[in-house]
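Just one chain follows, in the form predicted alone, and it is written as C-alpha cells.
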Amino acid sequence: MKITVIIGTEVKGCTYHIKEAFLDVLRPGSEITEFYLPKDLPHFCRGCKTCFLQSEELCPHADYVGPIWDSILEADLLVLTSPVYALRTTAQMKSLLDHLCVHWMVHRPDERMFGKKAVVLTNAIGVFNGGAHKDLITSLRWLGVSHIKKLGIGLMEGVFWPELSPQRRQAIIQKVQSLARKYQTNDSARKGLKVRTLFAITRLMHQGAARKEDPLSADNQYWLDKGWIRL
C-alpha cells in the first residue's frame, strides 16, 4: 500500500507522535512518503491565478507543489495531520490546500482521487478540533475523496508530549492505532453520494459555460478533453 502523509508542522511534538503511532501499524508492507510543512512547501499562494487561467505547471511554486500532488495521486491512503492553531489548521497546511484548489471539482479534478481513502488527524490543547477538521475535509471532498475519517485528540494535560502523563500518552496511542488498524487492508473506496453530487453539479456548470466560450477556458477545455462535457 502506498501512503502519502502531509504534516502541518515541522515540530516533532504531539502531532509527530500521533502521526508516528498511526503509521507504526501500517509500516509493514507499505510504501510511505512524508511531506513536512513548511519545509516541503515554503511559499504561500500568491493569488496570481496562473494555475486556473493557464496551467498548474506554470505556478511559481510548481517545483514544490508538483511532487506533493504527484505523491497524492499515486497514494492509496492519504494522511493529513496537523495541530490546531487559532481553532483551525496551520497556515502552512492551508497554504498547500490553497495551491491544490486548481484540482477541485469546480476546476480540473483528477478522477484518480475518486477511489482514495483519507484520514485526518488533529490535536488541540482543549477539545476544539472541529475547525481544523472542516478545513481539511472540505478540501479533500472537493478534490474528489469520498472516504474520509477524522480523529481529533484533546491534549488537556499540556501542550508538549513529555508533559502528558504516561497513562494519557498510552490512551492516545491506543486510540490512534485502533483507527489505523482499519486500514491494514488495501481496498479502494467507492465514490460517495456527496462527491457524485458535486461532480454532477459542476459538470452542468462547465457544460453550460463551455457553450458560450470561444476560446474555451483552461477548465472547460480540460473537461472537454476528459469527455465529461460536449459542445
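When you see a residue number, it is the position in the sequence shown, counting from 1. All of these numbers come straight from a predicted model, not from anything done at the bench.
The same protein also has a form predicted together with a small molecule, omitted here; what follows describes it.
The small molecule in the predicted bound form is not approached by Ile137, whose heavy atoms all lie more than 4.5 angstroms from it. In the predicted bound form, the small molecule sits beyond 4.5 Å of every heavy atom of Leu73.
Of the heavy atoms in Ala209, none are within 4.5 Å of the small molecule in the predicted bound form.
Contact annotation: Val11 falls within 4.5 Å of the small molecule in the predicted bound form, judged by heavy atom distances. Proximity to the small molecule in the predicted bound form holds for none of Ser30, Val79 and Tyr183, with the criterion being a heavy atom within 4.5 Å. Comment: 155 to 163 is the region of 92 to 100, 105 to 113, 155 to 163, 140 to 148 lying near the small molecule in the predicted bound form, near meaning a non-hydrogen atom within 4.5 Å.
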